[in-house]
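Quick setup: one chain, the form predicted alone, written in structure tokens, and binding and motion questions come after.
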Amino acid sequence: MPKKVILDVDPGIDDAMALCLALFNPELDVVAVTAVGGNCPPDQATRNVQAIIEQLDPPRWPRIGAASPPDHALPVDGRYLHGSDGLGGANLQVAELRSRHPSEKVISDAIRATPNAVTIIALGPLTNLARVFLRDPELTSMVGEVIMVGGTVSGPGNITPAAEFNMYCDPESARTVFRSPLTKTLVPLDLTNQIVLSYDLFNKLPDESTRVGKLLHTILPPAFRAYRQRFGQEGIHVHDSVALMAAIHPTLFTIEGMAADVETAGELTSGATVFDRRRVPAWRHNLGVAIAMDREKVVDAIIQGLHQAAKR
């Protein structure tokens, strides 16, 4: 029976690839795709979610959640890598919706509709999840699992020396989710940085005659240019797609229980994920952390998943 999932995303080119993989995967029942501000502002994130789904036209359309403005202005966004519209300047057209449902409501409704059966895959800042659990704490006992991408265990951040992007965008919300009594797994930057897709990826993508192939061939070239110009790197990371593989193919990952929290006030360390790894820890384990993976098999699963999506 397919796993019911909610994808909470801030598209983002990498998020778009993850949506290609998830919306057509027979092992997943994507009941909702909810937008959150991060790689681009909330309004643009909402527009991008709708545009991606319209472009892909999956056999079963999920509910769409609209991103609400954050409690505090986003300290950074990802358009330096993802282009002015978050999707490499593709400027995809969308049909304007008459009414939009806030992401928090869509998430709450989906959890209450099938208690203990929904996995939330959080690929952006944790703003929506924190709002859901703060407004209705009962829901923390009704979520099947939360899989989230972000943070760093022992490596440097990618926005500041200490902080990864998703955690830095909204550290208060990240702390709320980390401290919530949920079954949760973190896929950190230490792991996702291990996969770099080179230009050879274009020889492995589905043909442009397919919806999936057309979208990817449109949005990926700007990502390669941005990585080369900003980092001098001849390849791209696909953090969100790696995290999605942890939900679809958990046997390819090694998970270790850890005690973790998020710094919210440090002048130099805001958004840093902190782990109690002392010889005699004082904190209790509160999440699982992906510490290793079979890289070749994860990459193969991503490529095969894209071709499977194109066929469907």
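Here the structure is a predicted model, which is why all the values come from computation and not from measurement. The first residue of the sequence shown is number 1, and the count goes up from there.
This protein has a second form, the form predicted in complex with a small molecule, left out of what is shown; the following refers to that one.
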property: Answer option from Thr218, Thr140, Thr176, Asn158, heavy atom within 4.5 Å of the small molecule in the predicted bound form; result: Asn158
property: One residue of Val212, Leu189, Leu87, Ile111 in contact with the small molecule, assessed in the predicted bound form (non-hydrogen atom, 4.5 angstroms); result: Leu189
property: Asp170 within 4.5 Å of the small molecule in the predicted bound form, heavy atoms; result: no
property: Asn166: touches the small molecule in the predicted bound form, heavy atom cutoff 4.5 angstroms; result: yes
property: The small molecule contact in the predicted bound form: Thr34, any heavy atom under 4.5 Å; result: no
property: Proximity of Val149 to the small molecule in the predicted bound form, heavy atoms at 4.5 Å; result: yes
property: Option from 102-110, 178-186, 234-242, 203-211 whose residues, in the predicted bound form, bring a heavy atom within 4.5 Å of the small molecule; result: 234-242
